[in-house]
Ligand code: TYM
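Listed next as structure tokens is one chain, alone, in the form predicted alone.
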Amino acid sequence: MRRIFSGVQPTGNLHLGNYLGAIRNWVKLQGDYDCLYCIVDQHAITVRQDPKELRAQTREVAAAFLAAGIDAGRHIVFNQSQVPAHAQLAWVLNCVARLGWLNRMTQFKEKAGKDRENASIGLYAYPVLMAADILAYKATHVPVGEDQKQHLELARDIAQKFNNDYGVDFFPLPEPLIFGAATRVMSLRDGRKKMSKSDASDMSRINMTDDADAVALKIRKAKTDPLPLPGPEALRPDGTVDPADEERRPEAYNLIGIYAALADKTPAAVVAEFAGAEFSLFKKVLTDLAVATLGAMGAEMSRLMADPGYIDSVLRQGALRARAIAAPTMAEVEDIVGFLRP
């Protein structure tokens, strides 16, 4: 059986980059895998969160999953803290993981910055909890971005060491599912910066909660350059876009990449289709496509978020189903390591 586990932190303001880089791909995977899609609220508190906002943002992410097309009836949608096995297994795996492995994790260095002594233990041990998230369900595949690939490699190392230490063939080694570079979405105000919820300007991103009018306005105001869209001269002999041309015109290629992702085309195909067109025309076509997809999604998110009781029921039912998978795994782990159980 092929099983997917993946998660998103409930830190608010999900945007187009989150949708194209992760959630849309999760929707596509539903036909080929058993899927568990988790709102990882325990990961979120590795840095200080306002409790009221954390609850609201957990519901917002759940609404985004459902509005994007994740089927919570066929698959499992839940929040991490409702399943005790995540934290329980993380402790066992903390005792398997090696300090040297965690010291090599680049994300901790980036997030802790220069004030590492004041970072929480949770932030440091975050990758072990991520390993527990995956291994509690014996997931075989994990959709990850490049920034999480190192953490998945650590999960594989921990699984293998657990198996070796206890002489068992218990945990599978999860395989990464990494999607194409076309899903990398940059700021609408600066094509060299990644689209981010932390950017001070709301015009820099398209939020999943934006309605059709907001989506249209942001695309219309998106930064471009004075030249027409690139044409065949921007393509290499193999038909792909020349990276040097992308580097020269980051805002142009950001919009081309967004259109390509929404239309399920390659950037090269979009360049060929719109060669030499003015940006005013291209933005109109992009707006129509984005509104058709994102405007409808934003409206559905608003409808769902107006009924928090329904969202809570989806998460509660998902957690019950997740516990039914994770609890037996945890019981077997306790037997393997030698814990006495009732």
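Only the largest set of C-alpha atoms that superpose within 1.5 Å between the two forms is called the rigid core. As the structure is a prediction and not an experimental result, all values here were calculated from the model. Numbering starts at 1 and runs along the sequence shown.
What follows is about the form predicted in complex with the ligand, which we do not show.
- Residues within 4.5 angstroms of the ligand in the predicted complex, judged by any non-hydrogen atom, belong to 134-142 and to none of the other stretches in 113-121, 134-142, 89-97, 156-164.
- Proximity to the ligand in the predicted complex holds for all of 6, 18 and 22, with the criterion being a heavy atom within 4.5 Å.
- Heavy atoms of residue 185 reach within 4.5 Å of the ligand in the predicted complex, making it an interface residue.
- For the chain shown alone, residue 195 is a contact residue for the ligand in the predicted complex, at least one non-hydrogen atom being within 4.5 angstroms.
- By the criterion of a heavy atom within 4.5 Å, residue 253 is excluded from the residues contacting the ligand in the predicted complex.
- Shown alone here, residue 126 lies within 4.5 Å of the ligand in the predicted complex, counting heavy atoms only.
- For the candidate set 311, 67, 291, 40, a heavy atom within 4.5 Å of the ligand in the predicted complex is found for exactly one residue, namely 40.
- 130 is the sole member of 130, 270, 77, 258 with a non-hydrogen atom lying within 4.5 angstroms of the ligand in the predicted complex.
- Once both forms are overlaid on the rigid core, the distance between the two CA positions of residue 258 between this form and the one not shown is 2 angstroms or more.
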